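Encoded as structure tokens, the following chain is the form predicted on its own, with no partner shown.
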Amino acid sequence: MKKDQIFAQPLDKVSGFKFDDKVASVFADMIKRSVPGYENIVFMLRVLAERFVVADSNCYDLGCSLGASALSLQTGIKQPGCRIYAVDNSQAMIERCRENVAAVPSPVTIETVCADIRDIEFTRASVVVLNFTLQFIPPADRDALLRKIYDGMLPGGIVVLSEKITHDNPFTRELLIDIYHDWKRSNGYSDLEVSQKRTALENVLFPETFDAHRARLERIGFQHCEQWFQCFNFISMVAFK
């Protein structure tokens, strides 16, 4: 696993964060040291897949990066006739995802797609996963995307939505950010790396509150939305059609 040192040296100008080849090459290390609980969320996808995937249905891993979520779903699917679509708009990520998928033989096909997730047509979906993906979609486009997903889902299907969130209460918001940055430092990131990464994400990642996410999902038509995981200001929720 190549170590993430993208922000280790002082930069004259910190550009907006991009999922380019440089990021893709260190992404496994980056997300392990940057997203608390990520491995637990990914592992639990196989449990959710075993429970909610139905025969002859499709699953979608949106913003699939290296394919960890798609591969976890693949492990949990026990029903026949299912297919997983792993979608990402980064060619560098998709190329590595294809390599990872090819290395794990399975009767459940994972089809990798390099595309904007807003352009995907969803059909017969039983499980749709957005692991830290919606936060990179412009807020004005989020309702339309989730409505499109909802319309393409089977009754009883689920959306797993994992996000970095913010809080209306200033004390809570700043406390969780500070604790999160302490956690990153404990994982070997320097103050410079934490600061430069935060700057790179400022105009790229747009977090919302949990209440805002839940209200949107319910407004679209999902019957239930439950938060099932949280670590600091990172959460995962499940919405049921």
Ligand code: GEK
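Worth saying up front: this structure is predicted, and the values here are computed from it rather than measured. Sequential numbering from 1, following the sequence displayed.
Another form exists, predicted together with the named molecule; not displayed. Remarks below refer to it.
Within 4.5 Å of some heavy atom of the named molecule in the predicted complex lies at least one heavy atom of Phe132.
Taking the partner from elsewhere, Ala102 is found to have every heavy atom lying beyond 4.5 Å of the named molecule in the predicted complex. Using a 4.5 angstroms threshold between heavy atoms, Cys64 counts as touching the named molecule in the predicted complex. For Phe232, no non-hydrogen atom is located within 4.5 Å of the named molecule in the predicted complex, even though that partner is not displayed. Of the candidate stretches 78 to 86, 136 to 144, 152 to 160, 102 to 110, only 136 to 144 contains residues with a heavy atom within 4.5 Å of the named molecule in the predicted complex.
Although the partner is absent from the chain shown here, none of Leu71, Arg98 and Ala125 has a heavy atom within 4.5 Å of the named molecule in the predicted complex. In the predicted complex, Ala115, Asp116, Ile117, Arg118, Asn131, Phe132, Thr133 are the residues of 113 to 134 with at least one heavy atom within 4.5 Å of the named molecule, listed from first to last.
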